[in-house]
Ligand SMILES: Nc1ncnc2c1ncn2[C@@H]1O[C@H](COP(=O)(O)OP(=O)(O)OP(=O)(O)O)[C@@H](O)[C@H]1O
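The data below hold one chain only, encoded as structure tokens and taken in the form predicted on its own.
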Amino acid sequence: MSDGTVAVRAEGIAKHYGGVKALNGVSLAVESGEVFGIIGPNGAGKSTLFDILSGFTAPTMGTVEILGRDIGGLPPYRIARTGVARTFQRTAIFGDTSVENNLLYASHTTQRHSVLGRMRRSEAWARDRSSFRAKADAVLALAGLASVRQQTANTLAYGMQRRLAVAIALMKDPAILFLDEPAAGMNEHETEDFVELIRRISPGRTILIVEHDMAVIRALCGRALAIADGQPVVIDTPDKVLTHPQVVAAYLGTDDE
């Protein structure tokens, strides 16, 4: 539930590639605790906007603030330290190692022991190990992955791999979570399970979702932004956005990505 403060604010975002205007004049304000969707037809500029909001691409014009801080010029790792995590369209996991090790790798920046401390099993190593196990237990339970924690990640079913990508992001307990096409490629059952996962993790977090599955947007988002041809069309509840005449017109005759 939103508390009225703004977690992510964008003003006058534009992105030009030579003479091509991928985005032009997009503004939004996502409140803390809100689940916010971004939709649009193929080529609308959704992915470009998402990359700009999460700090992976710099805008040609405009500003982005995260938790009140202008992120212009900050590299992604610095933005991540402000309490931001992101998943990607292509599932980013370490496929050749266990589910648990994927979470361990995700938490390495929070651990304080040295290599020598690990070899000597120092007190710092013991504290980090205990803290990691407690956090991993909680995240695996939340993501429904506790029973497969020792399984090699690339042997998981596709929907479970997508869950693992979210679990990796949760290891840093982010205040803001960007989900890029999280339900892409899932069957109906996997999508339903994934929606339930996002509902479980949403309390106390701000979540932004780019998604083509409108059922997911309707199920999760309180508001959504529709963009077409790089231009903002409307921000409103999903039902109102999806019945807006300009949104309907933008989707007519286009293939669903």
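Residue positions are given as counts along the sequence shown, with the first one as 1. Since the model is a prediction, treat every value here as computed from it, not as a measurement.
The form predicted together with the named molecule is left out here; the points below concern that form.
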Of the listed stretches (184-192, 217-225, 38-46, 199-207), which one has a non-hydrogen atom within 4.5 Å of the named molecule in the predicted bound form?
38-46
Let me know the one among 89, 151, 101, 107 whose heavy atoms come within 4.5 Å of the named molecule in the predicted bound form, would you?
89
Partner-free chain; cross-checking the named molecule in the predicted bound form, the single residue of 247, 235, 22, 10 with a heavy atom within 4.5 Å is 22
Neighbours of the named molecule in the predicted bound form among 195-230 [non-hydrogen atom within 4.5 angstroms]:
212
